[in-house]
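Before any questions on binding or motion, here is one chain by itself as structure tokens, the form predicted on its own.
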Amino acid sequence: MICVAQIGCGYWGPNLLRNLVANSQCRVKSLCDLAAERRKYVSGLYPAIDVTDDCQSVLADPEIDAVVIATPVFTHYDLAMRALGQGKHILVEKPMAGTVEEVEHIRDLAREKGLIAMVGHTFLYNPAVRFLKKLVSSGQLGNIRYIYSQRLNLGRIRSDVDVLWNLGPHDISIIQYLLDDVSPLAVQRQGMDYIQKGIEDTVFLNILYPGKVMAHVHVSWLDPQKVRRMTVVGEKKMVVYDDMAENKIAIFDKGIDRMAVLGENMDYDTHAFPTFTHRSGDLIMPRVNFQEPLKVEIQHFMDCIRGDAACLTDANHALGVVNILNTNTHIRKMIP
């Protein structure tokens, strides 16, 4: 059994804790949270778990093998480095840290210690996203031309990070995953702070990748509808991944093809003005068997610790995401 502790049990923490408790390959020994009401909440649900507000005692406990960190972003780096320094494997909620340099330090220390440093990019453990990755990697879509995503809602508004740092890691991590974590050539961000000064609640992000691949990410807390959608346009086929739909993957056999036209000298394609045709084939909605992504993520963390799997969302993957996020970054520490 892998002995685990969790630090932080706020908005997302209860979901992590539930899946840790349900996993048969680990035992949750300790939960640390500064808020008394959160500690009381955990004690009520899981009386066998030790609760404390002393994070150092958790990190120094020799019985604990791994630490799950689900705290505000500005605390991630310090807690991750301290946990690694104590010989603990770590799973850090997204994003792994606030700067490229911090993620590099986490990566390097984990390598030095021979430990797992994993980031919670949960959507990469979503069966629909993995199905989409197989489509891209198999070549069925042809060369990827562009990708665009929308992650929109009315609220929940945060004050420690802006909307890009809150919602953007999901879509950026998916795009990086689909494109094999290739480094972008250019990143351009445009956002606006309508509700809180200095905290952008609507952001449009444009990313240019090698091979003329473009990506566009739109995130907002100020939209009338809840949208979780990504479109991948290839030269052969196109795919819409809609996380809110019952059928989450829709494959469109659509495109524009150049027509071969017979020339005056019995040859083809010599016209100064080429001719094109619109292709509209089948619409396929494959069945994708759903598993809770967080359950898959926690199991993957256990597999990585045991040496049974290579970490999908390791510090190198986290580094690519944070590098993109750091275009005019907006993170601030909230003083109680």
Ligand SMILES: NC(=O)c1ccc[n+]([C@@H]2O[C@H](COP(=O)([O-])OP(=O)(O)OC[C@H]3O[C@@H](n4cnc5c(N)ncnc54)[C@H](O)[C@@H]3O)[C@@H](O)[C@H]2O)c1
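This structure is a prediction, so every number in the text was calculated from the model and none was measured. Start at 1 and count along the sequence shown; that's the residue number.
Only in words, not in the display: the form predicted in complex with this ligand, which the text now covers.
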Exercise. Hey, in the predicted bound form, does residue 216 get a heavy atom within 4.5 angstroms of this ligand?
Worked result: no
For this session: Answer yes if any heavy atom of residue 76 is within 4.5 Å of a heavy atom of this ligand in the predicted bound form; otherwise answer no.
Result: yes
Exercise. Would residue 72 show up as a contact with this ligand in the predicted bound form if we use heavy atoms at 4.5 Å?
Worked result: yes
Exercise. Counting only non-hydrogen atoms and a 4.5 angstroms cut-off, does residue 284 reach this ligand in the predicted bound form?
Worked result: no
Exercise. Taking this ligand in the predicted bound form as the reference, which of 184, 168, 120, 98 has a non-hydrogen atom within 4.5 Å?
Worked result: 120
For this session: Using a 4.5 Å heavy atom cut-off, indicate which stretch of 110-118, 243-251, 90-98, 204-212 touches this ligand in the predicted bound form.
Result: 90-98
Problem set entry | Residues of 11-49 having any heavy atom within 4.5 Å of this ligand in the predicted bound form, listed in sequence order | 11, 12, 13, 32, 33, 34, 35, 38
